[in-house]
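Shown below, as structure tokens, is a lone chain in the form predicted on its own; questions about how it binds or moves come after it.
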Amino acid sequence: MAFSGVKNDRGELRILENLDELRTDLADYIAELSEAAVKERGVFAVALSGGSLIGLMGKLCEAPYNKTVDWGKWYIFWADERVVAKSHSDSNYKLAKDGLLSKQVPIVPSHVHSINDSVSAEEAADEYTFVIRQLVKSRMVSVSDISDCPKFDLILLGMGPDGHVASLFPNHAVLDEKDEWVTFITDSPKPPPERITFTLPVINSASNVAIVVTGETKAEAVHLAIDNIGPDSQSVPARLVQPTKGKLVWFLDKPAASKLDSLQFSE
């Protein structure tokens, strides 16, 4: 491990030597949060994203995690989703199904909450909000004690080279959404254009948020999201992820962390 547990006002930084170490550290982190949530609440409510994240979670499907994690207590959601058929190659659900859910892990199918892929983006966002509200009422998902937002045990996010997280893109109006839990966009700057996404108030109400970033192409966005940049510098959506009472952890490989200010790696 290159660097672990570095903390600043942008959360805890875990900078790993290589992708294998990152996968192991991420699996340990998720397994520990799952165990703690199940012990405290009897369930583990986790929201996933797409991109490379699912592949980086792959060690959870291997020993010892495939036997030690209490998969039957997991409730799975998506922090963002593309409004396409579940069988479409752009679907985050399909990505997770192929890379995680269909592996030999006994997740209860009725605990997997994907969007309705047969309606418009707006309707899909509204329906997903309703589903989450029902699960908040039944306490499968906790509720924030400082707002009415759901409080997920863990929200797992990737980040794009432009600093976007979930489907919250730079300079987009959805960054200012304060009332909705789930909103929609029809003009995503990267295809497909129609998506649903958790809003910042929901992301920032989570007990734990992890942002997982790898690769040198994202190093500048990591710098803008984490370092103390001047007020005139470009801001990126990932910088707006600031859990109100929860914990933020960044999982970075060395290339992604290469432009962080004053970070000296131990060899």
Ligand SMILES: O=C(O)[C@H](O)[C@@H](O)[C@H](O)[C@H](O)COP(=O)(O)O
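Nothing here was measured: the structure is a model prediction, and the numbers come from that model. All residue numbers refer to positions in the sequence shown, first residue = 1.
The same protein has a further form, the form predicted in complex with the named molecule, not shown here; the description that follows concerns it.
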| query | Which pick from 66, 234, 242, 52 sits with a heavy atom within 4.5 Å of the named molecule in the predicted bound form? | reply | 52
| query | in the predicted bound form, which of the listed residues (125, 155, 166, 83) lies with a heavy atom within 4.5 Å of the named molecule? | reply | 166
| query | According to a 4.5 angstroms non-hydrogen atom cut-off, is residue 115 in contact with the named molecule in the predicted bound form? | reply | no
| message | Residue-level question: is residue 129 within 4.5 Å of the named molecule in the predicted bound form, judged on heavy atoms? | response | no
| request: Would you check, heavy atoms only and a 4.5 Å threshold, whether residue 137 touches the named molecule in the predicted bound form? | output: no
| query | For residue 142, is any heavy atom within 4.5 Å of the named molecule in the predicted bound form, or not? | reply | no
| query | Among 92, 160 and 190, does every residue place a heavy atom within 4.5 Å of the named molecule in the predicted bound form? | reply | yes
| In terms of non-hydrogen atoms within 4.5 angstroms, which of the given stretches 43-51, 22-30, 58-66, 201-209 touches the named molecule in the predicted bound form? | 43-51
| message | With the named molecule taken in the predicted bound form, which residues across 198-229 come within 4.5 angstroms through any non-hydrogen atom? | response | 218
